[in-house]
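Okay, here we've got a single chain as structure tokens, the form predicted alone, with questions on binding and movement later.
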């Protein structure tokens, strides 16, 4: 016999002066292979068309459906209700600008982060679109690929104690981005330039090592390895000074 699920969902519209934060309850009959995205869509379609949440790909690729599910930041589309208890509490991701209910604006923060870490390859070479792609060692290419798998869902920031206190902290996703370019042989930034960029309380030394980011990353990125690599590079810079 199918379960009846109880959803307790955070409701608040910051653009409505009459709106106040509250938890609203909905009940839904569970169906086979039901994920939270589909459940939310059914609630919106059948019970409450005013419910706000985000989705795009529905395949764990875009990161749009990140939210806090029973206290844990993760993706709604990759979460099956069969793995959850009868009562499911949903909140928006903390840290980001609230748009309404379960919807937050991650784009503003990620754009500013990309600009602050200068998220592009720094080189003096003039780009030639007709040239053969520059070759590199397979291991380095695979390491870059592992870092590039970040979908910028924001779950790591939502699970980070430092990010909840300091909104300018780069967090796991920012440090992962820096690590991606540090290992790229095409990026010609010097050790001193990297040191100025990341050796701050907003950068790698702001991390207090609780690794909540690693616990909640839905793509299982090698964050521990990335942080260790960046820290080692920065310690070499400190030793050389």
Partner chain sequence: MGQVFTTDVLIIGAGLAGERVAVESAKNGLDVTLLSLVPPRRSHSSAAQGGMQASLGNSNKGAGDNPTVHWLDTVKGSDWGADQEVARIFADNAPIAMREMAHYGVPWNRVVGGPTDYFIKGKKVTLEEPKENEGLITARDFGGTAKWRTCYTADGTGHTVLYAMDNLVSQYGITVHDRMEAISLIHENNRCYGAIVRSLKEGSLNIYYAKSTVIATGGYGRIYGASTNAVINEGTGVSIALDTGEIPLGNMEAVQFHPTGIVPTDILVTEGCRGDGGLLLDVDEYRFMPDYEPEKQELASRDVVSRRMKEHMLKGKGVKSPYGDHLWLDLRHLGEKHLKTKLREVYDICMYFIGVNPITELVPVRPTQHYSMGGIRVNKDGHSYNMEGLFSAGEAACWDMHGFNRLGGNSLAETIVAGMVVGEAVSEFTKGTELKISSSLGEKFRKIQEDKITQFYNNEGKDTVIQIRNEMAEILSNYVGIFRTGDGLKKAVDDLKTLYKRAINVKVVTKTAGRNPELTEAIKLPGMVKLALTIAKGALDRTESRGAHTREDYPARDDENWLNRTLARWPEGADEPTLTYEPVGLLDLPPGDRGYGGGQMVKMDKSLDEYNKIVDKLQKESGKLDTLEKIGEKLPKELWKES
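Positions refer to the first chain, counted from 1. Bear in mind the structure is a predicted one, so any value in this text is a computation, not a measurement.
As for the form predicted in complex with its partner chain, it is not shown, yet the points below apply to it.
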Under a 4.5 Å heavy atom criterion, is residue 190 part of the interface with its partner chain in the model of the complex? no
Residue 56: touches its partner chain in the model of the complex, heavy atom cutoff 4.5 angstroms: yes
Quick one: does residue 51 come within 4.5 Å of its partner chain in the model of the complex, counting heavy atoms only? yes
With the partner left out of view, is residue 41 within 4.5 angstroms of its partner chain in the model of the complex by any non-hydrogen atom? yes
Heavy atom contacts to its partner chain in the model of the complex at 4.5 Å, residues of 33-49 in sequence order: 33, 35, 37, 41, 44, 45, 49
